[in-house]
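As structure tokens, one chain now follows by itself in the form predicted on its own.
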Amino acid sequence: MSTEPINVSIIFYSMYGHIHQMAEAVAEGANSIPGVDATIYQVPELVPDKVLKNSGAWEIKQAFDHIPEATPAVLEESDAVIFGTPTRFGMMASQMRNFLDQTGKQWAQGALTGKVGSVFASVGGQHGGHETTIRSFHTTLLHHGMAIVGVPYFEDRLNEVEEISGGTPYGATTVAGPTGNRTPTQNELEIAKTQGRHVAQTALKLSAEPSPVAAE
């Protein structure tokens, strides 16, 4: 088994800060596992600055402007990748889709085969597409040959019914509210931390196994 730390990359897109907060919680969970080094990246923005300023997102995004942008090469250097995206009509945001669409080289070379992949998301309402966003995201990860990890039900917070809360077995989620004025709750953040820990632990276990071999 290698003595090198397991590299976990958290790659996110956030417009109003919800996914950024969730990404920080995911990273906290991953970094709590000995032998794991988790780093946060964001994908490039596609919305013009003028539109961001008019929408009120400009000031919010300045809070995490220091976070470096991901490149496809980051995926190759990672043992596990946890993606975070807002929901756009039940699917990932176009900014994340644009990033993934640049990974054709990695797909052709099988560079991500056997790496752990996981997804978390935010939605506007309780029924705004938590599961469809994450499950549709999984399709891309499967095409890359990644091993998908979610949030098992040993995380009891998935069963919360006394308050509005995101969280699915497919991945952590947060409900942003129709105007984006709701911030992630403690329950949602704790689920995100669990996802980070579980992905990190899974990547550690897989690092002790032989690399996958393509069929001859």
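Just so we're clear, the structure is a prediction, and the values are computed from it rather than from any experiment. In this text, residue numbers run from 1 along the sequence as written.
This protein has a second form, the form predicted together with a small molecule, left out of what is shown; the following refers to that one.
Visitor: Of the listed stretches (83-91, 141-149, 105-113, 67-75), which one has a non-hydrogen atom within 4.5 Å of the small molecule in the model of the complex?
Guide: Contact-bearing stretch, as computed: 83-91.
Visitor: I have Tyr16, Ile19 and Gly124 flagged as a candidate spot, so tell me whether each of them has a non-hydrogen atom within 4.5 Å of the small molecule in the model of the complex.
Guide: Spot residues vs the small molecule: full contact, yes.
Visitor: Examine Ala176 and determine whether its closest non-hydrogen atom to the small molecule in the model of the complex is within 4.5 angstroms.
Guide: Ala176: yes, in contact with the small molecule in the model of the complex.
Visitor: When the contact criterion is heavy atoms within 4.5 Å, does Gly128 count as touching the small molecule in the model of the complex?
Guide: Residue-level check for Gly128: yes, a contact with the small molecule.
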